[in-house]
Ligand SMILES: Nc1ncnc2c1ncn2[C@@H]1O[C@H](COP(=O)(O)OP(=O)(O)O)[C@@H](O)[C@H]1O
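This document starts with one chain, in the form predicted alone, laid out as structure tokens.
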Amino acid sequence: MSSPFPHLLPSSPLSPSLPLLFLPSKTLSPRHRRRSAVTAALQWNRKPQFAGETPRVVVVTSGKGGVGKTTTTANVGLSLARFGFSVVAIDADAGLRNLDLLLGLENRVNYTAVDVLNGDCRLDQALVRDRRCPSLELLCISKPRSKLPLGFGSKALTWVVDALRSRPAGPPHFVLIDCPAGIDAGFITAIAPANEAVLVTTPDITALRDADRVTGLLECDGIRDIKMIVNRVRTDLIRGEDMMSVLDVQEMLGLALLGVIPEDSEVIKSTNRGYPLVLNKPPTMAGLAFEQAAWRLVEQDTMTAVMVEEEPKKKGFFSFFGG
């Protein structure tokens, strides 16, 4: 049975640095496929080259809820850690945190950033290290169903990031901030310490309108390095003109493309188990796409979207007679 995402098989998973193109496999010649496979193998045998200053503070946002921000933070963060980089993932959603659930660390969160600021614990005590990948640490802003104190705002989160930058063990390579939905005070707090942004959206008009609004707010806050991840993409719907293509999304938002995540039923199973997709064996389509996006994030690279080839229209009975 042929895959609905021929651009991911067989060579693309080997090379996160190669563009993930929405082209049917039949458009590639056998010679081109062999050359791509060789290049991909060479790329995969190296570690991605870190670009930028340490630490890189990246906020993962969208505006609209339910598009996959937390799933993206969990899988990209774990991918970066598996590449050998130190990562601190901060769940900045006060009262409605979920990042600990997706990482399977909910039973190990004893202290939060609020406890650190109140002097109830040290910063290193609030950091929860993932035993599967020790390079990844989780920091939650507050406990579930609790409200932030009035004094906790953008300056407080900036202080937390500065403390991570100057900690005795050395700064992490990446600080990923999982931003809450909406554009209220929680959003303003989450984006304050960031110098990069990953905008997660889905190819539907409501998510795109919110994403466009958030892009403007990020630019007003001085964040110019904004890349987007298009989530839950179905090429069968794109070919049938029932879903906007990735190229359409890119033209509407005018942002650099970091990754394209296909629709994958394994996402729900992964969420319920607290086991990120990138750890699945054999790997899933979405898991491979998250790893590719993480690779590009390390090297500050982007990808190219290409128009999906349309499905030929079905001919009716009278088409035999030229109708």
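No experiment lies behind these values; they were computed from the predicted model shown. Start at 1 with the first residue shown and count on from there.
Below, we refer to the form predicted in complex with this ligand, which is not included among the displayed structures.
- With a 4.5 Å cutoff on heavy atoms, residue 58 does not count as touching this ligand in the predicted complex; it lies far away.
- By the criterion of a heavy atom within 4.5 Å, residue 268 is counted among the residues contacting this ligand in the predicted complex.
- Looking at residue 71, you'd find a heavy atom of it within 4.5 angstroms of this ligand in the predicted complex.
- Although the partner is absent from this view, residue 262 contacts this ligand in the predicted complex, with a non-hydrogen atom inside 4.5 angstroms.
- In short, of 249-257, 156-164, 206-214, 229-237 it is 229-237 that has heavy atoms within 4.5 Å of this ligand in the predicted complex.
- When this ligand is considered in the predicted complex, only one residue from 283, 52, 274, 65 comes within 4.5 Å through any heavy atom, namely 65.
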